[in-house]
Structure formats: C-alpha cells, structure tokens
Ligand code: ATP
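For reference, the chain that follows is the form predicted alone, supplied as structure tokens.
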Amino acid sequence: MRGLIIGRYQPFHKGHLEVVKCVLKEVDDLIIGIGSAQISHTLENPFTAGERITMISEALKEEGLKCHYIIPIPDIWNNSLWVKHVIALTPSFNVVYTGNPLARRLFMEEGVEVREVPMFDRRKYSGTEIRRRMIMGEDWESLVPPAVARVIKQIKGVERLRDITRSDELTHLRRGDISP
C-alpha cells in the first residue's frame, strides 16, 4: 500500500518526523508532497522546494527511514481541482494522511481514503513557532532533526528570515499598517 502526506515543511521539524514514522508503520511506500512548492523567501514560506526536499531527505536518511518519493506540489488556488492536480503530480496512492480539515474534505469528496495523522505537541512543533524562534534568536534547533538544522545553517536560513522580516516591516511601515 502507498500513502501520501502533504505539508509545507517550513521547516521540516520533529513533529513531521514523528508523523512520517507513524505512517511508515502502515504503508509500504510513502510519498511526501511538498505543498506551496512554488513559494519561497516569505515569512510564511522562507525555504525553496529544493531546500525542503534536502531537509526531508537528509533527516530521513539520518533516521534510517526510507521514503520512496518527495514531490514538490505547487498551489493552483482552485479547491475543486486541487486533488486532481495532486494526483497528476504524484505516483498513485491508496490513502492520504492529513490533519488539515480542508485537505481531508477535498480528498474524501474525490473518493480517496483519508486517515488523520497524530499531532505531536503542536504548539511546540510548529513551523510558525520555529520561524518565530529563528527570527527572535531563541532556541529553534532542538525542535528540528539535526540534519535539518545543518541544512538551514548551510543555506543561511536564519539570516534569510531576519532579512525578510526587516523588508516586511518596512513595507508595512510604508503602507501605514503598523506604527514604528
């Protein structure tokens, strides 16, 4: 049986790793879909699809886990076509694992079996929290697999996030969205 999990993985963290481990107990093959693959260099999506593929593959290799496919999936901004889009970009699969209510609904409406994934300390293991910690200079490395921390350091990901934050703050100041 082949399963699919989709996430943005901005960045891939220990919660994601635990989900992969759980799913691998149920399937023979696993497809990891990288959502919003076309977006990078923003506060919400700072890493490129290639960087996320590297993070995931290095973390899985370090754990001795085998994932057969890591597929970038760009957004199409049309929910009624999204599942067909995912199916067109990936090898065939039997079951989708997701904690996202919209993704669950869309796959179910297309007749795809959907299983919910367990969440692992969601407040702590959250891309949003990890990116916040990177920007604020707080500990973030303990929340990601060591291989992911190495990739982020190699690409100067923390510096990228801090630069993006500065440019976003200036944009908001220029528009009058926030006060100085």
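In case it trips you up, residue 1 is the first one in the sequence shown, and so on. Note that the structure is a prediction, hence the values are computed from the model and not measured.
Another form, the form predicted together with adenosine-5'-triphosphate (ATP), is not on view; read the next lines as being about it.
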Look up in the predicted bound form whether G50 has a non-hydrogen atom within 4.5 angstroms of adenosine-5'-triphosphate (ATP), and give yes or no. no
Spell out, yes or no, whether the shortest heavy atom distance between P145 and adenosine-5'-triphosphate (ATP) in the predicted bound form is within 4.5 Å. no
Can you work out whether P74 and adenosine-5'-triphosphate (ATP) are in contact in the predicted bound form, taking contact to mean some heavy atom pair no more than 4.5 Å apart? no
Quick one: does M119 come within 4.5 Å of adenosine-5'-triphosphate (ATP) in the predicted bound form, counting heavy atoms only? yes
Any idea which of 121-129, 135-143, 23-31, 61-69 reaches within 4.5 Å of adenosine-5'-triphosphate (ATP) in the predicted bound form, heavy atoms considered? 121-129
Going by adenosine-5'-triphosphate (ATP) in the predicted bound form, which residues of 1-24 come within 4.5 Å of it through any heavy atom? I6, G7, R8, Y9, Q10, H13, G15, H16, V19
